[in-house]
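Next comes just one chain, in structure tokens: the form predicted alone.
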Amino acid sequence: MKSVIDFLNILLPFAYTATFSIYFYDFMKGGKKLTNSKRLFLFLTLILHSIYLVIRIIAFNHPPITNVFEIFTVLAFSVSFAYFILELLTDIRNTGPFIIIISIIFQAISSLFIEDLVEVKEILRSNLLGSHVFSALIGYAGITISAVYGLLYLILYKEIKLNKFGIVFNQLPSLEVLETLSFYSAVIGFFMLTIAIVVGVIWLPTAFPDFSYADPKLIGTSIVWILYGLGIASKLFGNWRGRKVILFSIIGYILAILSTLLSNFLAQSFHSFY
């Protein structure tokens, strides 16, 4: 089983790169011949990645959350999985290269430096902890994709203002569609962060003797959750439109990253258990 894990670990960056190449080629050529092929490649890559994650869980008897490079491979999966769901919901397939390249970066780093740990703290073997972390990672993947669509919106907006009608104008969806994609991604992120917070608030106090509701990561995640909840509510009920929604998404993402960095490196947290 170890040899299978090592093989898949090497194969995954190439699988994501091949998927990215097909999406990028189709984007540059503007053709329709690869429309179905690229989605199939992404689906097969996600299946391959799922098998890899499941085999790691079985072989090492713990969810892949015991070190930062295991988390990186879950992040790579989460970003492409969230995008795949979004593509299925909207049937818009031209934006794939801008998302999948994120998975390539995370998976390449993971494949180079990942450690196969057998002896870990008992708490790290908990499937509930794995569900909590996995939900949070998909949540952050969703808001990451939302920010990417926000940047694409601003790029296209600038191109239109400058009367540049090149490949970006021809291949990207309209401003309205990019706004919708950014919003849907934020909703996916908000929903998964909700699951992560619920699991955390219910289960973590029983698992960690030093648990505190004043934990920096819990506070940071809750602030991000409230922020995106307010943004989604403003879009649905406050008639927010256009650049206001996009700028809110990008600023929210920047604050989410800053919150994560501060809680990880500048504050003591019971989350720091590996």
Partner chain sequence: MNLLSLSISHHTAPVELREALHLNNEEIKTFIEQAKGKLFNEGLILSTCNRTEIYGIPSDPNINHSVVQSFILGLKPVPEIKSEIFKNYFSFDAVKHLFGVITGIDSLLIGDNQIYHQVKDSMRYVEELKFTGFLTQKLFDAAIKTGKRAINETEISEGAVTVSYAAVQLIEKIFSNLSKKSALVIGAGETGEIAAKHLREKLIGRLTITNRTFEKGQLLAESLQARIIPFENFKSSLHEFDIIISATSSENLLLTKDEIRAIMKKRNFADLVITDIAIPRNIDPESKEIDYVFYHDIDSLNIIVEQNLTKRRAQIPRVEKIIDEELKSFFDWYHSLEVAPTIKSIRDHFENIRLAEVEKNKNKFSSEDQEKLEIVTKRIVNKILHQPTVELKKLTEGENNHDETAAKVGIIREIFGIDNASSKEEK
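Positions refer to the first chain, counted from 1. What we label the rigid core is the largest C-alpha set whose atoms superpose within 1.5 Å from one form to the other. In this text the structure is predicted, and so the values were computed from the model without any measurement.
Keep in mind that the form predicted together with its partner chain is missing from the display, and what follows is about it.
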In the predicted bound form, does Glu176 come within 4.5 Å of its partner chain, counting heavy atoms only?
yes
Can you check whether Asn170 is within 4.5 Å of its partner chain in the predicted bound form, heavy atom basis?
yes
Hey, in the predicted bound form, does Tyr153 get a heavy atom within 4.5 angstroms of its partner chain?
yes
Contact between Ile160 and its partner chain in the predicted bound form at 4.5 Å, heavy atoms?
yes
Which among 47-55, 219-227, 61-69, 233-241 is in contact with its partner chain in the predicted bound form, heavy atoms within 4.5 angstroms?
233-241
Core superposed first: is there a CA shift of 2 Å or greater at Tyr52 between the shown form and the other one?
no
Once you overlay the rigid core, does the Cα of Leu247 travel 2 Å or further between the shown form and the other one?
yes
Superpose the two forms on their rigid core, then report whether the C-alpha of Lys235 is displaced by 2 angstroms or more between the shown form and the other one.
yes
